[in-house]
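Just one chain is shown here, as structure tokens, and it is the form predicted alone.
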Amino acid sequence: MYQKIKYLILGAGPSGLTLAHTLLDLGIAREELLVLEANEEPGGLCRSTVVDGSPLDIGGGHFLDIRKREVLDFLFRFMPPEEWNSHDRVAKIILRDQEIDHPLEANLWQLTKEDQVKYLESIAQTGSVRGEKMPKSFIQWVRWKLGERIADDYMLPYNQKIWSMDLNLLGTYWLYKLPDVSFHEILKSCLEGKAFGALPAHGTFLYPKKYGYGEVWKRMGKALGDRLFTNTKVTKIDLPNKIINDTYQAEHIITSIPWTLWLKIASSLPETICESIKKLVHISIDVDYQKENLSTPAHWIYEPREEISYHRILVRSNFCPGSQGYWTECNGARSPQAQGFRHHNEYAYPVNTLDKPKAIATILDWGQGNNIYGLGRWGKWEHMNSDIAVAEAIAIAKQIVLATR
């Protein structure tokens, strides 16, 4: 006999945890849901550990954006406001051997007058300023939007380091997430010596006073009690009968684990779905701790120089009280040999390839027709900050309950 579960949630990252609690909030009985998590602790990429006496976020840099009131109210139930510090975002870019505020196009005024003129001339000649049609190629889009100089000095080398692949395999449909600073605002910032334009994500963010970012998710997991099973890796999915690990029979499966794993563990996957899953690409990231203190006000720093292996620095001592040192993020394909603490995230970033939208749409449509729902970064195969993951999980929980009652 199998244990029958109405809502079986695969993965206890921010999305899975939020969905489980929201189902309970909507009146679903506790015995009707179960969450399975492969790791010892919940939290997914937002987990933390203690390194050199202070917290380190093993999935890289994670912070709580303050702009979604619904998300804050939800998370404050588990970790109240008084346990968080508020920070005004300080993000830097290494350019010409100096730290420039991010986004670069809004802060060219921090360069020498000679360099400002060169960048402005380049931007003035872009296709976006001249009204030319937006290209579909990623590399051409960057040049069309930002100009040759920003493309060659920052955007293209930085993205090459992150993805470590042919950048023309990337789509442009996701670039709306980049800060959008107009030429008028760029010129005004150079003339007036200050940034103009909309603040990017995490303009103001929260980070725990005494813990790493993983603490709030750990508490959410604890609040689920016996409805969360950790150290429980999904190794077998009998699709026709919705039986997981020969133990649980589900009415509805909500998956936040990578679809590419389904190729190995799920039986009877339709060939069209197998082919769509094979088109999904991800990269791994190594997080390395360095104990030296950096003389910078930045919370994080983007590093486009090709000779430096990592692409981002998280300056722990500037947002985690009582800590020292920093950690780096580096694509696993280009990481040097580890010299100290390293955490390897095999599944770190889904890649926005040209054919991803069609592939993931095919998978999600098939899934929904079979009471299988994709959720979060890996269920939707989309990079999303934790506040977005929480907001989407709340919304999806409501949709699922409405559709299944």
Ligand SMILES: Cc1cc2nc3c(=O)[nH]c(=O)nc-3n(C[C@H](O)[C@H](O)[C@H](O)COP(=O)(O)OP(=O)(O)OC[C@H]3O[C@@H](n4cnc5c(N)ncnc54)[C@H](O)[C@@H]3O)c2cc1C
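Values in this document were obtained by computation on a predicted structure and should not be read as measured data. In case it trips you up, residue 1 is the first one in the sequence shown, and so on.
From this point on, the text means the form predicted in complex with the ligand, which you will not see here.
- If you check the ligand in the predicted complex, you find no heavy atom from any of Glu105, Asn159 and Lys356 within 4.5 Å.
- Segments offered: 361-369, 335-343, 24-32, 374-382. Contacting the ligand in the predicted complex at heavy atom distances within 4.5 Å is 374-382.
- Only one of the listed residues (Lys92, Arg312, His252, Arg227) places a non-hydrogen atom within 4.5 angstroms of the ligand in the predicted complex, and that residue is Arg312.
- Listed residues Pro208, Gly221, Pro258, Pro304 were compared with the ligand in the predicted complex; Pro258 is the one with a heavy atom within 4.5 Å.
- In the predicted complex, Ala38 approaches the ligand with a heavy atom inside 4.5 Å.
- Interface membership of Leu170, defined by any non-hydrogen atom within 4.5 Å of the ligand in the predicted complex, is ruled out.
- With a 4.5 Å cutoff on heavy atoms, Glu392 does not count as touching the ligand in the predicted complex; it lies far away.
- Although the partner is absent here, Ser276 is not a contact residue: none of its heavy atoms lies within 4.5 angstroms of the ligand in the predicted complex.
- Shown here without the ligand, the chain has Gly11, Ala12, Gly13, Pro14, Ser15, Gly16 in 3-21 lying with a heavy atom within 4.5 Å of that partner in the predicted complex.
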